[in-house]
Structure formats: C-alpha cells, structure tokens
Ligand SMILES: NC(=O)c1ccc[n+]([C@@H]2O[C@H](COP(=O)([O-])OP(=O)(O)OC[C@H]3O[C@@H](n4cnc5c(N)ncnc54)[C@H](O)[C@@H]3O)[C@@H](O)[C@H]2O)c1
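As structure tokens, one chain now follows by itself in the form predicted alone.
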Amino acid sequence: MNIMVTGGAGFIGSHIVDAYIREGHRVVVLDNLSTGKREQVHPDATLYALDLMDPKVKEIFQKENIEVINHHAAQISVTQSVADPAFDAEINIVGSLKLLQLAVSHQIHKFIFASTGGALYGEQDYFPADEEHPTQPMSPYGIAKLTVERYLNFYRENFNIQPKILRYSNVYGPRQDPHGEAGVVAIFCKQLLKDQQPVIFGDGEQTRDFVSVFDVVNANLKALAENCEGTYNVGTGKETSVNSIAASIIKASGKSFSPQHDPPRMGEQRRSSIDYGKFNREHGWQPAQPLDEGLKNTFDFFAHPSRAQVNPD
C-alpha cells in the first residue's frame, strides 16, 4: 500500500515508517521537521519537509496516490497547550481537519489517528480505563484530541472515512525527544548522562501507563487490516509511579543520584492506566516488552546511540 505518515520524522512516527517499509509498503512522510529529525527518516521513504498547513500539501496528494493516512503530526506538549490553547488547536484540530478534507477529496478511506488515553480520560473513575470510560480531559491537548475523534466520527458517517483511532498511554523508547515535558523517560536519561539529578514535578507518586514504542508500532501494523475500524486503547493496563521510573533509570545508568522534586504542573492528572482488552479481543494486540527491559534499552540508546538496537523484531 501507499501510506502517508504525518510526523514520520518524529519519535513514534519514524518507528512506524521503518515497520511499514519492512512490511513492503511504500511510505510518504510529511513532517515540518520542527521536532522531527531528517536523519530518523528511513532512506526508502519519500520525505516532504512541509507543514501540514502549507497549501503545497495538496500537491503531494495529487502526485503520490495515497491509500492510507497515518496521522501522527501534532503539538504534543500538555504544558504548551495550557500556555497557548489557540496554538494547540490550530495544529491539532485545524491541521487534522485539513488532512481529512484532503482524504475526502482524494477518496482515501483508511485513516489511522494517534490519539491519547491518559490525557483523554482525565482523572479516572476506575482503573484501568476502557474505551467506554467517560472522557474528561484536563488540558487543551486532551480536548483537541477528543475533538478530532468526534470529527472522525462525523467523516465516517458522511464521507465513508474508515477511522482507526489509537488511544496511546505514555509511550517511551529510543528516539524519544528529551526536550519539553512529553517524554519523561528520555528526559531522565539525558539528565543522568549529564550527571544531573532527575527532576520530578510533584511528589512523584503520580502514576502513568508506560508502553514501549515497539508495542505501539505493532498496534499501527494491526490498524492496517481492512477489518480494523473504531477506537482502541494502546497501553499496558498497569500503573507505574514516576518515582519508580526514575529509580529504574537510575539503576540502569549505574549512577547514584537521588531525584530532585519541583512543584507540580498544571493540566496533569494524578493517576492513569488504560485497558487494552478490546484491541486484544478483536485484533490480537497486546504489549510485549517488559518495562524494566524497555527502560534499560532506552537508556542504552541515549548512552550509545551508534550501537543501540532500535528496530527489534
């Protein structure tokens, strides 16, 4: 298939591009390289270094005969979304709508959307949250993701778009961006490699559901199936505290630092974990990489990027 991956030079998107190409698909990457890196794009992919809002994006669709859109381009910082909700909405809502309109114009029906689990469910009523859990986002970032999901339902009903909505928990792994707050695992790795204390916001007892990027890649492979349509959680169903994550990465580093605690940030919930049972029952997806192993592999990637294995099979 001819697949467009928006954000395909970024952390998650570049791994998905690698996997699609290994499976024999032809991949077009659309990425403005604001956070993505050209060197992370597979050499067999066709890269268009354009912003999603650029009018020239229409020309890509006219030229490339796209059959599937995998939409990972986004503003991913919760803190940035709180500071500037309009900027977040412009990228995450309006940008997605422009892409959907192009899909309609070019009769592209398969649309994979990278949504969020933790930020969408907010302060959960039960743990882990399944797809039927009330959506009560606490940040503009979560609100934007939920808005796009609802637009996707509109396009399904009116324009025969086949949405495959993947609600990720906290994704970690090689190539994660250590700049900004979105990738706490990568941030801790970089701080330790600079002989700095890992900085934890709040008391560190807040929990998240940490899922390996390689398990996320497998979810995106499953989503290509013709019979895969709907909304699916992509997580482990387990809560892990930020304190535990810091301790595991400190152990992997072989160093003896103690974390530094700073004040908590706005817009972040206290606990989070999501139930992947529906995706497992309907399409056989489940997380495979143990957390301790994944954290060590991620630290090794940052410590020795030239030697690190980033595409385990």
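Quick note: we count residues from 1 along the sequence shown, nothing fancier. Worth saying up front: this structure is predicted, and the values here are computed from it rather than measured.
There is also a form predicted together with the named molecule; it is not shown, and the following applies to it.
In terms of contact with the named molecule in the predicted bound form, the residue from A114, A129, A223, C189 that brings a heavy atom within 4.5 Å is A114.
Proximity of L291 to the named molecule in the predicted bound form: non-hydrogen atoms within 4.5 Å are absent; the residue sits far from the partner. Interface membership of S253, defined by any non-hydrogen atom within 4.5 Å of the named molecule in the predicted bound form, is ruled out. Among residues of the shown chain, D51 is one whose heavy atoms approach the named molecule to within 4.5 Å in the predicted bound form. By the criterion of a heavy atom within 4.5 Å, F11 is counted among the residues contacting the named molecule in the predicted bound form.
Considering the named molecule in the predicted bound form, the lone stretch of 100-108, 150-158, 72-80, 192-200 in range is 72-80 [heavy atom distance within 4.5 Å]. Interface residues of 33-54, taken as those with a heavy atom within 4.5 Å of the named molecule in the predicted bound form (partner not displayed): L33, S34, T35, G36, L50, D51, L52, in sequence order.
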